[in-house]
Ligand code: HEM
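One chain comes next, on its own, written out as structure tokens in the form predicted on its own.
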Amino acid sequence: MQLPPGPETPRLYNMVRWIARPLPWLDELRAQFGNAFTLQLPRAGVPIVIFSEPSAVRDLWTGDPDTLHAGEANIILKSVLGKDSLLVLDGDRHLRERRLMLPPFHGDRMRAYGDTMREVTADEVARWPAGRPFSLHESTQAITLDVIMRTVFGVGSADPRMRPLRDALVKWTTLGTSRLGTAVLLMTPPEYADNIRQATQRGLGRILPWAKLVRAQLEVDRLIRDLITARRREGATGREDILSMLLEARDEAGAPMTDDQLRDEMLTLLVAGHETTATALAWTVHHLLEHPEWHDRIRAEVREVGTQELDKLVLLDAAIKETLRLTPILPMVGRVLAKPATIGGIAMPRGSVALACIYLVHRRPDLWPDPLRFDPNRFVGKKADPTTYFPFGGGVRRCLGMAFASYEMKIVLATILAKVDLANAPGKKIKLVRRGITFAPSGGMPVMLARRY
């Protein structure tokens, strides 16, 4: 099979470039090779074809999920989230877990968390200092972590029972998204991760550079299992949190979830449910501060509509969507081919990897005129094509928490805009930096509190 051309540089060199400067490199590769190119990396051992053509994206969204394995493409997350995480499953197991986990993230159950989101945000905003810079990204992380902990466990991170887990999660994610943690995540073969983790806990392994990361991960694991055990003992009947609902859930065969499955899904929700949303919130504020005309228009909209009638916050919704177009949190989503298939007109062999590149598609000038310009008007009164705009992925594997994250972002941003004016911290230039597999504003995005209302 004739795959599209790509860089002929050594695999290890490609990996180093992917870790160090991924997005500029993607721009260079598309300029050199076009909208589909093949990349070889040391860990994959198979060809990786990166697509930025809508026809290829459509093939990935509409193709047979038994052929196009999204879970296998996410195998890098197995060592972090566990073998039973929804994100690394395919086939019948993925459908089973998704059906069990879907109800809390839609409809009335999701909207019931609105008041909690407003309360958590208001409390955090009240703590923002006057007269000195502070990290907005750290604040949005605190907000989204508290929201997801209340959603998952029914109590917030300030509750004495939750504080150890909150502190352990913050420590683990901080270490895991550092340069060292990113290198460990991207370079460690998943099949050896457990062995490496066990070896790190013994003898000289305890002084290895990544030993703190391993210990932090094990502590998070222990605390989540303790909470599952305690909830089983207390009883889950009548509770509205996700853990309780999953404890009582049964699949089509009447089987419950095991403790291992619950642990992996709880961890997936806690990590994916706060880190990505917090980063998207920080980026949205960044773009609004960089474009005062949009900041003023959206602030006026919030003051006119309030924070309750979210459907009427049209400009705010458009600004969030434009943020996710211009600065997507994840650069691409992938599928591993369990059988030979044709993607975007290219015949690909079994075992190869097809990646739909969110970053490149969202910046194509033929699809998005003047693509580097922040312009929420692109989304006002318009429905985006899922083959040209897909910050949450697409097809049957579109992010389970998309509606929840969008709902939360609107409430948090509306609450912030209603209560304060922010300004960029003087002398600070915000750049896009890698944090694990996501891309965030540099330096925690320092801002200043300009005014309270």
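All values reported here derive from a predicted model rather than from experimental measurement. Residue indices: 1-based, along the sequence shown.
Beyond the structure shown, there is the form predicted in complex with the ligand, which is absent from this document and is the topic of what follows.
- Residues Phe105, Pro391 and Gly394 are all found to lie within 4.5 Å of the ligand in the predicted bound form, as judged by heavy atom distances.
- You can rule out all but one of 346 to 354, 174 to 182, 293 to 301, 92 to 100: in the predicted bound form, only 92 to 100 has residues with a heavy atom within 4.5 Å of the ligand.
- The partner is absent here, but in the predicted bound form a heavy atom of Met409, alone among Met409, Ile416, Ile50, Leu68, sits within 4.5 Å of the ligand.
- Note on contacts: among Leu165, Leu247, Ala142, Ile329, the single residue with a heavy atom within 4.5 Å of the ligand in the predicted bound form is Ile329.
- Although the partner is absent here, Leu313 lies well away from the ligand in the predicted bound form, with no heavy atom inside 4.5 Å.
- Within 4.5 Å of some heavy atom of the ligand in the predicted bound form lies at least one heavy atom of Thr276.
- Using a 4.5 angstroms threshold between heavy atoms, Thr268 counts as touching the ligand in the predicted bound form.
- Looking at Ala272, you'd find a heavy atom of it within 4.5 angstroms of the ligand in the predicted bound form.
- Taking the ligand as positioned in the predicted bound form, the residues of 397 to 418 that bring a heavy atom within 4.5 Å of it are, in sequence order, Arg397, Arg398, Cys399, Leu400, Gly401, Phe404, Ala405, Met409.
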